[in-house]
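The form predicted on its own is given below as one chain in structure tokens.
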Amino acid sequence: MPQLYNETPTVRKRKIVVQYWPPMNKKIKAKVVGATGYGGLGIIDLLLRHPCAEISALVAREDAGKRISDVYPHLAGFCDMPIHAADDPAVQGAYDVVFFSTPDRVGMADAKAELAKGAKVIDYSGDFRFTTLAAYQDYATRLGKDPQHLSPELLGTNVYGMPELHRAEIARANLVGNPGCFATSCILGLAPALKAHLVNPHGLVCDCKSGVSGAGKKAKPQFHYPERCEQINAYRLSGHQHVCEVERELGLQAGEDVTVIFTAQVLPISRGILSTLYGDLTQDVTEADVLDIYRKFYAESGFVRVLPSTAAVGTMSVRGTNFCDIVVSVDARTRKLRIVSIIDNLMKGQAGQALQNMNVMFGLPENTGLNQPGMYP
């Protein structure tokens, strides 16, 4: 798709000023399905600040008939749009982009109709993270879910929405499967090492910790405050849904099958993911060598910051941003590569990456509406 505008950055007093022309006279019209969940709220917050897009419709199964600012009072005066049911005639028109911030099986049921009306679709669930029916069925079966895909004809037209690895394909796509949050941290953390054949592709260890918001908005007994405060626990040890994504994407980088040992843990914090990743080194390398490999790999990826082992960063460093901070460490004594990959699970792990994908799909600079520092402290 042709660029919607060109950009020429100029530097004035250390501040980058971006000039666009021709002026955009038509904003990207966005529809958000699943608007009242954390993922829907995240994309609403981001679209409100986006200079080239506007929210045209909000859809949710619950709270239909209310205003979004009734559900989330912090939006009062910024977005007071009504929430519609999915079958409301008022939201059956054509939109430029539709975000499905919904559980599995919603997007696969409804994306086809939106695509037929000319929309680009970005789906947050596992429905379109896999480009073959066999891969989707493997994913669904591992989770004990229905392996029947409701739109199998769309598989193969979809693209896995990680711009750092699939930028060119996303730019040509009309249907993007937004990656999982844990998968994003693990894949970005290990992709350069596997591409450079620095580590054994088998038995990689992904030790991953997430804030409670990763479980979504719906109340559950295990997330009741007395159950969660001062509590850390591992879960889904029998198999996590993101393992399929991680092994596939890392296998593409390695050029061979990859196996990972994945452990998900939840922390008593609101947001953030910290993944500590380990692999057996196949080469004699120093930390400086690995830093150079990683920085070259992500040279065109402004949302990935590669840091040395001395960097004092954590989940607060990326809170509220679309950045992924990657800390590189080489343990010469054990011949292990250790990578710490840190993201905000609701941003780079969800809504921020979705907006980054929208930018790529519409020919906009990737950081449009996303170029901001974190919330600190």
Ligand SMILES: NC(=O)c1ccc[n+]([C@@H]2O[C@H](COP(=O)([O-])OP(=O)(O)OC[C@H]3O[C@@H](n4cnc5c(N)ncnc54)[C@H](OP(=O)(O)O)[C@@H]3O)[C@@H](O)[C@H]2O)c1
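Quick note: we count residues from 1 along the sequence shown, nothing fancier. Since the model is a prediction, treat every value here as computed from it, not as a measurement.
Absent from the display: the form predicted together with the ligand. The rest refers to it.
Partner proximity in the predicted bound form, defined as non-hydrogen atoms within 4.5 angstroms of the ligand, places exactly one of 309-317, 47-55, 326-334, 342-350 at the interface: 342-350. Proximity to the ligand in the predicted bound form, defined as a heavy atom within 4.5 Å, singles out one entry of 227, 256, 104, 88, which is 104. Among the residues 74, 172, 117, 218, the one placing a heavy atom within 4.5 Å of the ligand in the predicted bound form is 218. At a distance threshold of 4.5 angstroms between non-hydrogen atoms, residue 60 is in contact with the ligand in the predicted bound form. Using a 4.5 angstroms threshold between heavy atoms, residue 99 stays clear of the ligand in the predicted bound form. Not displayed here, the ligand is approached by residue 36 to within 4.5 Å at the level of heavy atoms in the predicted bound form. At a distance threshold of 4.5 angstroms between non-hydrogen atoms, residue 181 is in contact with the ligand in the predicted bound form. Contacts between stretch 109-139 and the ligand, counted in the predicted bound form as any heavy atom lying within 4.5 Å, involve 124, 125, 129, listed in sequence order.
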